[in-house]
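The form predicted alone is given below as one chain in structure tokens.
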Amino acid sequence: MTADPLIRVTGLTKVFGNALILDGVTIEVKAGEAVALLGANGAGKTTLLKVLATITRPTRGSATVAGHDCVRDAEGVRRHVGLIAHGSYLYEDLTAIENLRFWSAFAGRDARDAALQAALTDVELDAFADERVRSFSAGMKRRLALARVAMLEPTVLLLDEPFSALDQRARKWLEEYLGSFKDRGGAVMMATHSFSRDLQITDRVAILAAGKIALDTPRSAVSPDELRRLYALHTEDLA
């Protein structure tokens, strides 16, 4: 018997005021699989991630993460989800290690200094453990956010432009982490504008246009040039 998908979205619709953001989206992500969401600004990529992270409630339809309903069992969903969003969810006036201590204690995880220092070492921020986050560059903040998520050992990763503002070392670390995360049976949904390197860790590519899934295909089935052509076709059809 095939295990249920770790992410299951069925007929998901989201309306803000008079704006239809998501329009009957249906998509699944299995354990050990990464799916990239491509789409223009306003296509609904971030909104879909927010529904799955229980930050936004859907208007209609359903979404589950690791078998937990995103509306009826939001707390159960949050135990399984790691979110890297445009906002870093870091406290600027706390130091790097204080941020990790807060989030690990909040999640009921190991908050001992040795574990926190190891998490900072993984993203090469150990030398800045006692520096306040407000002094960090955008790339350093992104790496600290990555350390926070990795430390909480999620089952599902929801990533919104995860490679933005990262230097080469941090990009390499993230690529390796995502590869091992999938190997351990995790599921990844990643919103991105990239057609090249960011997609190398993904197994499927889905194009979201005007709130609908316009294309969902294995990444290996299309070349980067063909993907650009299909992306332009679906997005220009809406212009």
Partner chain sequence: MSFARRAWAVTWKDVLVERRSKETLNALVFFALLLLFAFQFALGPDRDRLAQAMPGLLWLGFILSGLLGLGRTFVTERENDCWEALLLTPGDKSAVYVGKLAGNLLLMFTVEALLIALFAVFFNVDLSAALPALTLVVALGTVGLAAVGTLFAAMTANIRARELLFPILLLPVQVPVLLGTVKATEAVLAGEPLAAVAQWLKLLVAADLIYVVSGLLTFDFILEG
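What you see is a predicted model; the values in this text were computed from it and never measured. Positions refer to the first chain, counted from 1.
What comes next is about the form predicted in complex with its partner chain, which is not displayed.
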Report the stretch among 45 to 53, 201 to 209, 60 to 68, 186 to 194 that approaches its partner chain in the predicted complex to within 4.5 Å, counting heavy atoms only.
45 to 53
So in the predicted complex, is its partner chain close enough to D113 to count as touching (4.5 Å, heavy atoms)?
no
Considering non-hydrogen atoms and a 4.5 Å limit, does its partner chain approach F136 in the predicted complex?
no
In the predicted complex, is there a heavy atom of its partner chain that lies within 4.5 Å of any heavy atom of L120, even though the partner is absent here?
no
With the partner left out of view, is E153 within 4.5 angstroms of its partner chain in the predicted complex by any non-hydrogen atom?
no
Across 119 to 149, which residues bring a heavy atom to within 4.5 Å of its partner chain in the predicted complex?
R132, R134, R148
